[in-house]
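The chain below stands alone, shown as structure tokens; this is the form predicted on its own.
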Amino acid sequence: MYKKKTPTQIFCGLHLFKELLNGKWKLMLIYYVYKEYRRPSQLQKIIPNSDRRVLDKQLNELVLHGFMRKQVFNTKVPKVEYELTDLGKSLIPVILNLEKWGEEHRPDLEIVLKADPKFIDIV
């Protein structure tokens, strides 16, 4: 099992936020579950460049930390759906403000991104 080399710093709210919500897709997963994309296959389609294994891991972490609930349906073909808890819903205004900030600063941010050699313009 993986053990962190440095201790977790939780002396301020920003550290707590980062510790629990740090992950490539976590904020997007919360946002899309809020937008009614509740099944793993739907989330995979709406975030096409994501890896299903990573999505599953991050969804499980969001459930473990209390941001989402996972409902498993015992049908012939097993079905799973996710929904936000009250804690997860409380993040929606934060996520919407981040999205708004990103749109307001899109020209500057795109310049910075395009200067990054790892950036691939898929539009």
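Numbers follow the displayed sequence, beginning with 1. What you are looking at is a predicted structure, and each value in this text was computed from that prediction instead of being measured.
One more form of this protein should be noted, the form predicted together with the DNA, which is absent from this view; the next part is about it.
Engineer: Since exactly one of V80, I92, M28, L84 fits, which has a heavy atom within 4.5 Å of the DNA in the model of the complex?
Structural biologist: Of V80, I92, M28, L84, the residue with a heavy atom within 4.5 Å of the DNA in the model of the complex is V80.
Engineer: So, in the model of the complex, is E36 in contact with the DNA at a 4.5 angstroms heavy atom limit?
Structural biologist: It does not: once the DNA is placed as it appears in the model of the complex, E36 has no heavy atom within 4.5 Å of it.
Engineer: Consider R69 of the chain shown here, and say whether it contacts the DNA in the model of the complex, taking contact as heavy atoms within 4.5 Å.
Structural biologist: Contact check for R69: no, nothing within 4.5 Å of the DNA in the model of the complex.
Engineer: Though only this chain appears here, would L96 touch the DNA in the model of the complex if you measure heavy atom gaps against 4.5 Å?
Structural biologist: L96: no contact with the DNA in the model of the complex.
Engineer: Mark L64 yes when one of its heavy atoms lies within 4.5 Å of a heavy atom of the DNA in the model of the complex, and no otherwise.
Structural biologist: Although the DNA is absent here, L64 would stay clear of it in the model of the complex, with no heavy atoms inside 4.5 Å.
Engineer: Considering only 19 to 54, what residues come within 4.5 Å of the DNA in the model of the complex, judged by heavy atoms?
Structural biologist: Heavy-atom contacts to the DNA in the model of the complex: N22, G23, K24, W25, R39, P40, S41, K45, D51, R52, R53, V54.
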